[in-house]
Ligand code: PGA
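Take a look at this one chain, the form predicted alone, written out in structure tokens.
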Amino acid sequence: MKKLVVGNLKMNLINLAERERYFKLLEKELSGKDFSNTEVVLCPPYVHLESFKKWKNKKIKLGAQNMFAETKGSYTGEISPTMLKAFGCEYVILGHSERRRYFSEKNEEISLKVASALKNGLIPVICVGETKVQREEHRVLDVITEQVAKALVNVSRTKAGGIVIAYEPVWAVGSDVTPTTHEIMEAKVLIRKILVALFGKKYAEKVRILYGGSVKAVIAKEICVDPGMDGVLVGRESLMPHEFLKIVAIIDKK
């Protein structure tokens, strides 16, 4: 099973000039590189999906930052899984902490999106993780168990291999604070146990578990390689191709 590095560009690349500059930098950094052990995915804002599809770099797969559960209809402002597929997406990030925080997304809504993504041939990268308060109150086990179990309530065991879980401790997202290797390993073991309870060991082992939260090249080994994670979900560093691909290279070697 290949490792996975997902770059979440968030609400950036504000205009065409920024996008074209990003492409040029990315092309330059990709030249001569071969990541044979790792899938690399970039998730740009919706408005850039068509340009990323036309760019067609074989070393990079395309994903989206969110989607709606329905395939079409009167849902002003929403983007459907069928639209994402039509524009070349293979992955979609669901349940990101920023969606939960700023747009009040609930586990039940995320569950519907997960089922819809799988039904329409997309691989959902499902984000789970605790806030600082929840950690201080020793509620990590309960929070992650609820988030994972509810997100996967409509997923059969035969579909388990088509999902990805990203552990993103909310208190580390966008900060310079990161969990220790041991804390990340504990989260991975917990998530794997939940998956085994839901799907059985055979199917649970097919699910890739990533780390996300202030991921940088200088700590990639500590937060991904050492705790045995299957990859990382990268935020702001994905906007800097040189740093982003350094992270990929570190993970690809292991």
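What you see is a predicted model; the values in this text were computed from it and never measured. A residue's number is simply how far along the shown sequence it sits, counting from 1.
Missing here is the form predicted together with the ligand; even so, the following discussion is about that form.
Contact annotation: G63 falls outside 4.5 Å of the ligand in the predicted complex, judged by heavy atom distances. Proximity of E130 to the ligand in the predicted complex falls outside the 4.5 Å heavy atom cutoff.
Contact annotation: E109 falls outside 4.5 Å of the ligand in the predicted complex, judged by heavy atom distances. For the chain shown alone, G174 is a contact residue for the ligand in the predicted complex, at least one non-hydrogen atom being within 4.5 angstroms. The chain is drawn here without the ligand; in the predicted complex, the stretch among 186-194, 32-40, 66-74, 211-219 whose residues come within 4.5 Å of it by any heavy atom is 211-219.
Counting a residue when any of its non-hydrogen atoms is within 4.5 Å of the ligand in the predicted complex, the hits in 210-239 run G213, S214, V215, L233, V234, G235, R236.
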